[in-house]
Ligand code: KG4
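Quick heads-up: it's one chain on its own, the form predicted on its own, in structure tokens.
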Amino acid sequence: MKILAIDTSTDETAAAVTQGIKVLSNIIWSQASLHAKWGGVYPSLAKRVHLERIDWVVSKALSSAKCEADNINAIAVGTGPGLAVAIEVGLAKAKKISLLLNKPFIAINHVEGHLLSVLAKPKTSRQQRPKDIVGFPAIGLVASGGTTQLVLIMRVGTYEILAHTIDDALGEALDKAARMLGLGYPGGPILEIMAKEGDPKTYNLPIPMLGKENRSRFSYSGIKTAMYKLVQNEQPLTKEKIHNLAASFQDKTFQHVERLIRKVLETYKVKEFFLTGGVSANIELRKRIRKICNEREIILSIPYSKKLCTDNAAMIGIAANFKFQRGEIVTSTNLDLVDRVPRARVDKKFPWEK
């Protein structure tokens, strides 16, 4: 069962070929450097670059997998959540290929793709099916530049959102803090490097939603404002100040995540914790969540490659494999019903699936 998967949800043009849970290829064309001068994704530019690169990434994904287009069994694409003008590029391409090859079409929720990315295996793996399905129910944290959600995974395809962001996503907050410190965009990974050299106790930034963890909300607007004022007061910034500011901001945002996870785990008894999304590549965050899991004898699962943490198409292919098995496909006669869903929820079906 080979699936050609496409994702253009924000600023990565991605295509992949998967076989079951194996990743045969995973091609990503990042636009990050092109959006750096704006300090974030510029929608019209994102769409234009997707249009310029989509044919190349699809061709590269097929050739890297040593797979002919005729040997593909289905076409999958991320249809939301994400940036509407970006999603439509990948959606249009996937529809075109599906019709051209007369192959089943599978629409995937981008957040579900992130959650199931931990089930992916490299093509050299001998494992033919996902690791111990009895690990469900599980809880997954999707922490990226676009969203921050804690999700209860009853089983593949059945989800409940336990907590979500009410303003900035965690990755977005880290990027904005890095920009305040003059570290460029995307700044989260650079902020992580700076934080390693700093003392998180130097500055008394507020822990977001302190004492309000039972409200099941992530929020970073308050600490972002506090960070902005602190940076202004600390001018001129020395290297030592930058290290300490980075460490302090990262520490408090991660404490917020830790406190909310602990609160959720008081209510939900699970066997496994899925850590996914771009911020899941952060070593410090992994260390903190691993500590929580070890205390409760919960298995921590993380994608086998950092390439599977950021936006990619392989995760779309993995999720599509399960939908295909459940018969949740779209035929050519119903393809016109499929549209982008920029605010799609992982706990809800797409409109055409009802």
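Small disclaimer: the values here were computed from a predicted structure and weren't measured. All residue numbers refer to positions in the sequence shown, first residue = 1.
Keep in mind the form predicted in complex with the named molecule is missing from the figure; the text below concerns it.
A residue is said to contact a partner when one of its heavy atoms sits within 4.5 Å of a partner heavy atom; Asn282 meets this definition for the named molecule in the predicted complex. At the 4.5 Å threshold, heavy atoms of Asp175 reach the named molecule in the predicted complex. Using a 4.5 angstroms threshold between heavy atoms, Pro186 counts as touching the named molecule in the predicted complex. Residue contact check for Pro200: none of its heavy atoms lie within 4.5 Å of the named molecule in the predicted complex. Look at 263-271, 230-238, 94-102, 137-145: in the predicted complex, residues with non-hydrogen atoms within 4.5 angstroms of the named molecule sit in 137-145. When the named molecule is considered in the predicted complex, only one residue from Asp251, Glu88, Glu192, Glu213 comes within 4.5 Å through any heavy atom, namely Glu192.
Between the named molecule and the residues Ala65, Val57, Cys309, Ala46, the one pair within 4.5 Å by heavy atoms in the predicted complex involves Cys309. Contacts between 5-21 and the named molecule, taken as any heavy atom within 4.5 Å in the predicted complex, involve Thr10, Asp11, Glu12.
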